[in-house]
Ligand SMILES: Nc1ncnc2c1ncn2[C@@H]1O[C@H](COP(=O)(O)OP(=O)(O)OP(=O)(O)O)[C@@H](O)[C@H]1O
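Taking the form predicted alone, here's one chain by itself in structure tokens.
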């Protein structure tokens, strides 16, 4: 007697290799930075010109990128910073960057702790004053012959959640 349902066919559908829905899942990640950014040449050039003095051992100007959500500010910044990091490494310039998303790191304490982490200074999750953490960060920067560029993504959110931030310190971090 023949089965009325072909169970082997059903099970084989699950076992057989399927063609994936996505060619590359990483393209959908928020952290993905493509190898090229069409239609962002002016923005890339502008930011590269601001950060370019790093390649001559100089200090770049501060940059404040603003625009509508989804306009490409974050990806342009990551694109330029990644390329600059590689180029600086190719010519033995000590250049590092700290990319901090203020949507995730949402208090001054956490920002300072993240900056300390970027320069290999250990700080506890809580318990120290922000002044002490910031001083530890500055002391470490003074010891190292490295150019550190700090990117505070979504910094407006930090300013909304932590009104007690010392404006002098935030000026240094821009």
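This one's a predicted model, so the numbers in the text were calculated from it and none came from an experiment. Numbering follows the first chain given and starts at 1.
Another form, the form predicted in complex with the named molecule, is not on view; read the next lines as being about it.
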So, in the predicted complex, is residue 37 in contact with the named molecule at a 4.5 angstroms heavy atom limit?
yes
Within a 4.5 Å heavy atom cut-off, is residue 93 in contact with the named molecule in the predicted complex?
no
Since only the chain is shown here, I'm wondering whether residue 68 would be in contact with the named molecule in the predicted complex (any heavy atom pair within 4.5 Å).
yes
Within 4.5 Å of the named molecule in the predicted complex by heavy atoms, the stretch out of 55 to 63, 111 to 119, 139 to 147, 29 to 37 is 29 to 37
Suppose contact means any heavy atom within 4.5 Å; which members of 138 to 154 contact the named molecule in the predicted complex?
154
